[in-house]
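The chain below stands alone, shown as structure tokens; this is the form predicted on its own.
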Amino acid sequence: MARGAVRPRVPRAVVAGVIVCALLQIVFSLAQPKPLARASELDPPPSGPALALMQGFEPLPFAHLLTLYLQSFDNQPGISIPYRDLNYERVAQWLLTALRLDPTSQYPLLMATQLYAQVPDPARSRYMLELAYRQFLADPNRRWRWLAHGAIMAKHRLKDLPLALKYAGAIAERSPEAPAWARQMHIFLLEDMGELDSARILLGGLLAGGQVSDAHERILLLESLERIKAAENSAGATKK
């Protein structure tokens, strides 16, 4: 354009129209409801030929990718999905597929017990704890810690001592490589349930059988045994 030439002016009506349209678009965008996060949006995990292909190559990286995808699913652009709103059957499928690809991995059961079982929904918590229990049975010496956590959750959060005893008893029976505190948890749960006679018999057998070699541990167990005996005597005196 030559110097000094007069630039054509955009009519005010056009400028005003553009501004109004822009404002209307902003208002319309703000008025739109946020996208709803639905549990059904979580697709099934890879299966069939896709899973066979993963297993045919190096399966460990694929297992890691599956758990990362699942863990990040609750945070999508503009969407935050509470764990309790997820389809737990579908979540379990992803966790089990990851375990199938890498049976030595601890991460899927960590997610089950530390993430998905922590929701304020007893039914969903129990669902994930039972998943951990079933997978524990397949590899007790490697997966005992997640069942121990389940026993603690069952006792303190779910207030379900029989369920806690079920998990703790399974560790005692099936996990000889678990540490002593985990293998002895069921004894103290019996005490909490008022099953003093059973707890005393188990404690006495544990001490007499030479299964406890650590001096500090023996002292703690002897103190527990004496406490149980005192409680039994007190209960017997009350009945009289």
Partner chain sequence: MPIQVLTIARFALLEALRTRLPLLAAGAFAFVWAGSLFIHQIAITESDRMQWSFYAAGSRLASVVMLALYITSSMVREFTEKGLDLLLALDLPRSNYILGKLGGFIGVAVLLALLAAAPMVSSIPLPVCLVWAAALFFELAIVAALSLFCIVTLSQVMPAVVLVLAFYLLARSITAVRLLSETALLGELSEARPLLAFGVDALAAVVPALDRFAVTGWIAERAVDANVLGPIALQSAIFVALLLAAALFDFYRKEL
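Numbering follows the first chain given and starts at 1. Everything quoted here is computed from the prediction, not taken from an experiment.
This protein has a second form, the form predicted in complex with its partner chain, left out of what is shown; the following refers to that one.
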Kindly confirm or deny that Pro120, Ala164 and Ser175 each have some heavy atom within 4.5 angstroms of its partner chain in the predicted complex.
no
Looking at the partner-bound form in the predicted complex, is Leu60 within 4.5 Å of its partner chain by any heavy atom?
yes
Closest heavy atom of Gly56 to its partner chain in the predicted complex, within 4.5 Å or not?
yes
Applying a 4.5 Å heavy atom distance criterion, does Phe73 contact its partner chain in the predicted complex?
no
Contact label in the predicted complex: Tyr127 to its partner chain, heavy atom within 4.5 Å
no
Segment that reaches its partner chain in the predicted complex - one of 167-175, 41-49, 184-192, 199-207, heavy atoms within 4.5 Å:
41-49
Considering Ile152, Leu96, Leu110, Leu158, which brings a non-hydrogen atom within 4.5 Å of its partner chain in the predicted complex?
Leu110
